[in-house]
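One chain follows as structure tokens, the form predicted alone.
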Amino acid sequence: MKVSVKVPATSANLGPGFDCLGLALPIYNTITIEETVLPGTGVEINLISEKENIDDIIFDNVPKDENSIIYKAVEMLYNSIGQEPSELKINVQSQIPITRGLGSSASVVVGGLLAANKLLGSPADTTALLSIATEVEGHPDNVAPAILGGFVLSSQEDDGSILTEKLIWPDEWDITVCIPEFELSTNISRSVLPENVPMSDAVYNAKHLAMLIQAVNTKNVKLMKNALKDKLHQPYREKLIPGMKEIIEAFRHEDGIIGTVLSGAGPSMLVISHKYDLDKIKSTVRDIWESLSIKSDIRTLKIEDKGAEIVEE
């Protein structure tokens, strides 16, 4: 039996929503799992990139055995029902650029879990799948929208349970996804964050996250412009991302630009706008990065309201 699952890219944080906000985007990885009939073959993982990606993704450093995060997720699911994974062939067809802050690792974790769950007869419900995916990823901000689709607020509680709430993103707010050609691993991006932050910074982000939720719910552009500010991660990560400061500054006082934020751990960025010239956004970002000899892929995308879904069996 063979099962394929199509999983959207995701963008986490959106400024003040560090580790708790994420949205799904219409760029996809497709994960296929097949139970093989040859005993003793173990796990086989094949990673296939799409040629149209901006840098023809190279997977040389991605584990393709039992050390892969996709296999770890599948193994955890099997173990949760008292089984061990059988011989499996796993194919990952990738359109989501890796190490760009677009949830590529979350997509393979979610795709592997949903495919394996279907192979096993669907013993795990969405709650259980979210819990396993979060345990593998470390936080739910990417896996929640990857599973549920849309714009999602999520929290891992002290007892390990995952709380989620889907919010309705205003259709009239455009999202331009700016993807530079250089990679930035999540581990490196997290390494620059302080272990402790001033109380004033924590309070600042709590206030702005509350503003963001209200702004989205009421489609309040003025409030959203203030809400997207952050003091917990973006100021520290800025030094790792050439052009980030210049891009933010270029749009700071532009009418129609709601805000510019990092996508996840970066280096990709989101420019959120309302009734603004989208071509001007693209040319401005492209020119800034080109001045630094950085190529880019810039797309205006709608939020993908569907989460991961089985596309064939």
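Numbering starts at 1 and follows the sequence shown. Everything quoted here is computed from the prediction, not taken from an experiment.
A second form of this protein, the form predicted together with a small molecule, is not displayed here; the remarks below concern that form.
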Q | Region of this chain that lies against the small molecule in the predicted bound form, out of 264 to 272, 284 to 292, 245 to 253, 24 to 32 [heavy atom, 4.5 Å] | A | 264 to 272
Q: Would you please decide whether H208 lies within 4.5 angstroms of the small molecule in the predicted bound form, comparing each non-hydrogen atom pair?
A: no
Q) Is S296 a contact residue for the small molecule in the predicted bound form, using a 4.5 Å heavy atom cut-off? A) no
Q) Hey, in the predicted bound form, is K72 touching the small molecule, heavy atoms inside 4.5 Å? A) no
Q. Does the small molecule get within 4.5 angstroms of any non-hydrogen atom of K222 in the predicted bound form?
A. no
Q: Indicate whether the candidate residues W173, T260 and K302 are all in contact with the small molecule in the predicted bound form, with contact defined as any heavy atom within 4.5 Å.
A: no
Q | Contact assignment for the small molecule in the predicted bound form, among S131, T186, N91, S80, heavy atom within 4.5 Å | A | T186
